[in-house]
Structure formats: structure tokens, C-alpha cells
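Take a look at this single chain, the form predicted on its own, given in C-alpha cells.
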């Protein structure tokens, strides 16, 4: 819950700051801007609510019959959901703030702006949902028949992979959605094109979190022979850290690349094809580093 509170608070604060900027520009539209701010903040709050749910389950469920592996799994579940909520909370604040500023510029298209903002903010929650899925699997799986070593490291690594891996995709997805809200406010006629490219960019921005989720599932569901050696356990724990940390930069970088494409398509939609192609190539190159991390993570699981 401590980690899970970070992102939502930052995202909500950013939304409120942008709402104030919008109010100073268009005081007569205070009601609409205020409503947009609250809606955006409510979506940003979702990630911390997911963390609260997992925290309450950890506090009030009976895990007394679990093995030592269960102890590591419960710790991993908390880390997964805590870290996993950070990026989604921060990212959701970006389109909400941009929508408030856009309403001050274009109050006549408040409905279109709000819809665009809601779609973009909702997609930003996807990485935190991946983390929550991992947390629930760790919470409710039976590890009583699994050998303590190295399974403890595998389940802890799974939580770290999914949680850390969600940070970049959440922030990157928010950057894309922010550019989309800005673009719609600047050029309402390009709404359909801008929204479509936003969704494409956000979909690709989620891939580092998906790779992290994949590594988490492998770590959780693979069977491990009992061993007294420390190296296999450390390899599994390192695998989760490798994929989780390795997904942060690509998620943010792809969001930056996609936000540039969306922003300039809104300004010059006549060359949307060229801009989209350049955006996709740039995102693909940024994605390569996440793939490198996944390769090393898989080597640590299946070879070391």
C-alpha cells in the first residue's frame, strides 16, 4: 500500500495543477474543468485501490497453513501490486491534466475531450491490472508441495518482475494519452485519427509489461527440483529483477516516441501515414532493450 500510494498521488496532483492552469485561462468554464479534474483523478486513484485490496487480503486472510514458500509468495504479491500501481497512477494523471487544459481552449468539444481522456486513462491502468493478476495468483496458489529452495526465489522474482515491469508501461501509456488529449484540443477534426494512433501507441507501450508478466508466469508455474545450492535460487530471483527493471526504460521510451507521433499527427494529419511509420520504427528500436532483458531472464531460468 505504501508503494501503491505513490503513483496515484503524483498523478492526481499533476491533474490538479493543470486544472488550475486551465482555470486561470478560462474562469468562465470553471465547472466543466473542475468536473474533468475529478473524473481524471478518480481514474488515477484506481491503481492505489487495487493496492488497497491486495493489502487488505494480506492483512485479514488466514495463511497459517502455508509453507515457507507461501511466505515468499505473499511478500512477492505485495511487491508486485505495490510497484505495479506506481506507473499507472502517474500515467493516468497526464491525460487528465491535458484534458483540463484542453477544455479551457476548446470548451465546445468537452464531450470529445472527456471521452478521449477516459479511454487513454483507462488503458494506463492495464499494467497495474497485470500486476494485480500476478499478486492474486501468488496469494491463492498452493505451494505446499513445492520444494522450499529454489521455489521461494522464483515466486519472489515473479512478483518483482510483474511489479517493476508495470512502471514504465504505465508512465509511457500516460504520455501517449496526454499527447492525444492535447492534439484533440488543438485540432478537433483529427479526433478519430488521433485516437486510433493513440490506441496503437499505447498497445505497443504495454508490451514491456506483458513480457514481464510472461516471465512472472514462467517463474510461478515452472517446476523446480529441490536443491541445497544457493545459485539456482539466486538465478531465479535475478531473472525477475532483470525483466522487471529491464522493462521500465522501454515502456517510458516507447511512450515518448508514440506521444511525438500522436502530437504531430494532430498538427499535420495529412502525413499521418509517414508519421505513424516513423513512430512505429522508433518504438520497435526502443522495445529491443526489453527483449534483451527477457532473453537474459529466460537464460537465468532455464540454463543457469
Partner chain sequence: MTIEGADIVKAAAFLGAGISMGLGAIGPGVGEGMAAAKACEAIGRNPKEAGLLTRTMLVGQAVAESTGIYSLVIALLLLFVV
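Residue numbers count along the first chain shown, from 1. What you are looking at is a predicted structure, and each value in this text was computed from that prediction instead of being measured.
What follows is about the form predicted together with the partner chain, which we do not show.
Stretch 223-231 is the answer when you ask which of 137-145, 223-231, 80-88, 196-204 has residues with heavy atoms within 4.5 Å of the partner chain in the predicted bound form. The candidate site formed by 279, 288 and 304 is fully in contact with the partner chain in the predicted bound form, as each residue has a non-hydrogen atom within 4.5 angstroms of it.
In the predicted bound form, the partner chain sits within 4.5 Å of a heavy atom of residue 275. In the predicted bound form, at least one heavy atom of residue 235 sits within 4.5 Å of a heavy atom of the partner chain.
The partner chain in the predicted bound form comes within 4.5 Å of no heavy atom belonging to residue 40.
Using a 4.5 Å cutoff between non-hydrogen atoms, residue 55 does not count as a contact of the partner chain in the predicted bound form. Contacts between stretch 114-147 and the partner chain, counted in the predicted bound form as any heavy atom lying within 4.5 Å, involve no residue at all.
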